[in-house]
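Here you get one chain, nothing else, as structure tokens; it is the form predicted on its own.
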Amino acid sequence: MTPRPPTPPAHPAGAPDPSGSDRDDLRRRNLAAVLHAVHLRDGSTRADLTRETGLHRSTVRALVAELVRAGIVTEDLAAPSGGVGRPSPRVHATDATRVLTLHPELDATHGALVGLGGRVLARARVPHDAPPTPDDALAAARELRDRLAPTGPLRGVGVAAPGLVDRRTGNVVVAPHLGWRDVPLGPLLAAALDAPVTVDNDANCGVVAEALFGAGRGARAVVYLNGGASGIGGSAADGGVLTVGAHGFGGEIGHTLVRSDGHPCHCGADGCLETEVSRARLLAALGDVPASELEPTLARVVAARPSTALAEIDRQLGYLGVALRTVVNVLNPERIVLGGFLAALVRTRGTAALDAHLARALPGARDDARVVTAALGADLLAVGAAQLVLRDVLADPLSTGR
């Protein structure tokens, strides 16, 4: 899985025309190039697609027409630009390509129906009174499927799981906050939903979404950290490739050491980032407000005079800064994207505490590093999880989906 896979190679204008299976492969790759460009920039004109893919304009016209006949895209006339000649039609993805996405969390399983171009078509949630068991998650998935996609085809199901995931098998190796260990989530969901299922870590889904459509767009090296009910997840992408290590378990920035005499972590270490920077501790310091009221409460506390709640806010930002300095030194990102309650902390208190730590990172590594908040909001993990399925659609647009 890659945040922005390279545009598939296209047949250059004027090159010899292949035949037989080579011609079919070339057509597939050219269709993939055009659809990939539409996926990243919905509403591109045919002229845009010609520039983006390097294909001849007549080839682009024919490929778009084929995608229109398949119901994958549609065209409309662009507004006149004042230039010479007819306006180039704009190409939009239709809602025919649909992916069901799932994200099990401590308090709810979230579902969404997502199309091409990062568009969320519908969303729903199934609340849980206690951390869901695997059986609870399966029941919630069936309910969400029936609510969001009772009829019509699905290209598959993408799952953002809050834990370590074996991406080859779809097994959740461990999701400590849910109490899951060695759960074959992908196979279980595939049987329950009668659909192909792909599972990945939720932070991997987050960095993919922000790199493609959000605050990391245009940056080569992106690090994403999300703070939620299950702790702090992290992931990184460099040059369009996820930095996940030999077995896909890399990026666990939530378990970076930030305080040697800190609280014990469920992973067995002490002083991990997610034990010192915690949504539960933050909500408690704010008077046990509900999570839905976190950001407005933070804003009121920051605007008021100093208090124990403000001290907790600053303490957590300080430890976050310690972790980010390590991230900058090790990964040299251009963009550090913060989501969840981490983004709420920065939006209400600013980046001064983080900047003070980043200023002590190594010269060179720190020069282009910029902290930003996630741009996709509540749609983030749904958009990222959908890419687990859509990557196959983009590679072979006319393949048969379910």
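Worth saying up front: this structure is predicted, and the values here are computed from it rather than measured. Note that the rigid core is defined as the largest set of C-alphas that superpose within 1.5 Å between two forms. In case it trips you up, residue 1 is the first one in the sequence shown, and so on.
Beyond what is shown, the protein has a form predicted in complex with another copy of the chain; the following relates to that form.
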Next on the checklist: Please identify the residue among Arg315, Arg220, His92, Arg125 with any heavy atom within 4.5 Å of another copy of the chain in the model of the complex.
Outcome noted: Arg220
Checklist entry - Among Pro196, Gly117, Pro134, Gly248, which has at least one heavy atom within 4.5 Å of another copy of the chain in the model of the complex? => result Gly248
Item to check | another copy of the chain contact at Gly239 in the model of the complex, heavy atom, 4.5 Å | outcome: yes
Next on the checklist: Using a 4.5 angstroms cut-off on non-hydrogen atoms, would Glu252 count as touching another copy of the chain in the model of the complex?
Outcome noted: yes
Checklist entry - For Arg347, is any heavy atom within 4.5 Å of another copy of the chain in the model of the complex, or not? => result no
Checklist entry - Does Arg259 make contact with another copy of the chain in the model of the complex, using a 4.5 Å heavy atom cut-off? => result yes
Checklist entry - For the chain shown here without its partner, which stretch in 139-147, 162-170, 294-302, 276-284 has non-hydrogen atoms within 4.5 angstroms of another copy of the chain in the model of the complex? => result 162-170
Item to check | Residues of 313-339 having any heavy atom within 4.5 Å of another copy of the chain in the model of the complex, listed in sequence order | outcome: Val322, Arg325, Thr326, Asn329, Val330, Leu331, Asn332, Glu334
Item to check | Yes/no, Ser260 Cα shift of 2 Å or more between this form and the one not shown with rigid core fixed | outcome: yes
Checklist entry - Against the rigid core, is the Cα displacement of Ala361 between this form and the one not shown at least 2 Å? => result yes
Checklist entry - Shorter or longer C-alpha distance for Ala108 and Glu276 in the model of the complex, given it differs from this form by 3 Å or more? => result farther
Next on the checklist: Closer or farther: how do the Cα atoms of Leu178 and Gly262 compare in the model of the complex versus the shown form, where the change is at least 3 Å?
Outcome noted: farther
